[in-house]
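Here's a solo chain for you in structure tokens, the form predicted alone.
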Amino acid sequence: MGNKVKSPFADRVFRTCIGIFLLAVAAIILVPVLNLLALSLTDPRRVSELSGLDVFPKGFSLIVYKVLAANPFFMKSILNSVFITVAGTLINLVATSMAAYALTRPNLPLKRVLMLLVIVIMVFEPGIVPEYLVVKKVGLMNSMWAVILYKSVNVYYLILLMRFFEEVPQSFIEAARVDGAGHWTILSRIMLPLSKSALATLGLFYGVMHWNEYFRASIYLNDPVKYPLQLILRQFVVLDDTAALVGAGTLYSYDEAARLSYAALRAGTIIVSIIPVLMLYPLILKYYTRGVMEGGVKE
């Protein structure tokens, strides 16, 4: 039987339906975010006029962000989150890359045993109690490094990177060895440049994981100066602990601050917490569709 040729009309209908579906999904995702942004920018006297589907503010006011910026703990928490995310992501990528390279070497001793241990760790992840005892034993309590070093190598991401490394032709590695390159040179100058798309993707996953971390921060950190942004957000939005942020409002003596809506303050806090991730996605998105051999010489 011959192959059926799809008509141009059917193809246009199909593309139109897909476009409408994607627009609907985008609207479902964007409307709540835009509504929070509109709520945070709405004039405090008109907050009650804003409905759950409004995406434009009623009036305009920056009082919410002035209150947040005036809170030293809130601003410090943003810097803490940036430090935890950047340092943690770098450590994750370095450790995962080194582990993936080692486990993809054909002459690695006890390779089967090591892979079995990796799979066991992925399936039977240690609980929070032994992890807490380890952190306490090594002296990392009340240290941001306890949050940064947590899960330096995610086993699932490790396996993904191993698949990328295995796609690199052996001829590249053999040619480098002939030229006298060692393992570190092969990893840094051949494997990593040819795996940019994988590293960018894993970097995004690791970065989002660190940026959204609050559970372990609430366990290991007891100094408010070291709290990350997500822990402040959890205390304010989830636990309804408004004392810290509302205290900054006393810096303002005019009536606008007195009429400040707690709902608008929560919305502004959420917007501040998601802006870095929203800005990061477009920068990483271009790497998603690139192949592992981009820029390489094909066999």
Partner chain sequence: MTTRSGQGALAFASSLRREWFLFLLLAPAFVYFFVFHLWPMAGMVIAFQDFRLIGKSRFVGLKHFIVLFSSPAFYKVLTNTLILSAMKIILFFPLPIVFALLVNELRAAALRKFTQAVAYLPHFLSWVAIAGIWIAFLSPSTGGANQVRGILGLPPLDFMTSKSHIRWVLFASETWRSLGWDSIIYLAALMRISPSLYESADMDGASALQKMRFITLPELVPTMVTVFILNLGFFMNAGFDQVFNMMNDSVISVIDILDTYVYRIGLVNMQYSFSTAASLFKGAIGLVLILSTHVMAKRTTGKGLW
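Superpose the two forms; the largest set of C-alphas matching within 1.5 Å is the rigid core. Numbering follows the first chain given and starts at 1. All of these numbers come straight from a predicted model, not from anything done at the bench.
FYI, the form predicted in complex with its partner chain isn't displayed, but the following is about it.
At the 4.5 Å threshold, heavy atoms of residue 55 stay clear of its partner chain in the model of the complex, well away from it. Within this chain, residue 189 is remote from the site of its partner chain in the model of the complex, having no heavy atom within 4.5 Å. Its partner chain is not shown here, and in the model of the complex it never comes within 4.5 Å of any heavy atom of residue 180. Residue contact check for residue 126: one or more of its heavy atoms lie within 4.5 Å of its partner chain in the model of the complex.
A heavy atom within 4.5 Å of its partner chain in the model of the complex is found for exactly one of 90, 79, 175, 120: 120. Just one of 225, 98, 86, 75 comes within 4.5 Å of its partner chain in the model of the complex, counting any heavy atom, and that one is 98. Remark: of stretches 136-144, 190-198, 67-75, 166-174, the one touching its partner chain in the model of the complex is 136-144 (heavy atom within 4.5 Å).
Residues of 81-117 that come within 4.5 Å of its partner chain in the model of the complex, judged by any heavy atom, are 95, 98, 99, 101, 102, 103, 105, 107, 108, 109, 110, 114, 117 in sequence order. In the core-superposed comparison between the shown form and the other one, the C-alpha atom of residue 275 has shifted by less than 2 angstroms.
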